[in-house]
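First, one chain by itself: the form predicted on its own, in structure tokens.
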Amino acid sequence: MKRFRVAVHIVPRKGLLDPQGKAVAGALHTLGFSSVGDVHVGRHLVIEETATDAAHAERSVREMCTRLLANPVTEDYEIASVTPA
């Protein structure tokens, strides 16, 4: 068994109200960053997982996201990376 570090990004689904993202976008526009479009505020998780290989670690973390970490109605997630810990 090996240790893996799995990075996950969880963000609100497109088309759903994201008040934090709107507030950040408005603040950036106020600061003169007029080229900023939409901003989505989410969560970044780094999970250390013990698994036989990287594929197994990724499958396990996907199940975690599906069952607990991401709300399937309002959020999307992506596995950003799987690296040896």
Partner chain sequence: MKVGVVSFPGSNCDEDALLAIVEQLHEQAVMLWHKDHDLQGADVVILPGGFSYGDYLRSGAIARFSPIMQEVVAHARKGGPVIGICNGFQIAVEAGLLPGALLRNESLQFRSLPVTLRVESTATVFTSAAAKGALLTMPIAHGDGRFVAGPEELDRIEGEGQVAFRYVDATGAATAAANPNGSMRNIAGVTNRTGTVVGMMPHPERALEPLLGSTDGKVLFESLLSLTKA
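Given the structure is predicted, the values throughout are model-derived calculations rather than measurements. Residue numbers count along the first chain shown, from 1.
Absent from the display: the form predicted together with its partner chain. The rest refers to it.
Engineer: Going by a heavy atom distance of 4.5 Å, is residue 61 a contact of its partner chain in the model of the complex?
Structural biologist: Output for residue 61 is no: heavy atoms all beyond 4.5 Å of its partner chain.
Engineer: With a 4.5 Å heavy atom cut-off, would you call residue 11 a contact of its partner chain in the model of the complex?
Structural biologist: No, residue 11 is distant from the partner.
Engineer: Can you tell me if residue 29 lies within 4.5 angstroms of its partner chain in the model of the complex, counting non-hydrogen atoms only?
Structural biologist: No, residue 29 stays farther than 4.5 Å from its partner chain in the model of the complex.
Engineer: Contact between residue 69 and its partner chain in the model of the complex at 4.5 Å, heavy atoms?
Structural biologist: Taking the distances in the model of the complex, the answer for residue 69 is yes, it comes within 4.5 Å of its partner chain.
Engineer: May I ask you to list the residues of 1-23 that have any heavy atom within 4.5 angstroms of its partner chain in the model of the complex, in sequence order?
Structural biologist: Stretch hits, in order: 16, 17, 19, 20, 23.
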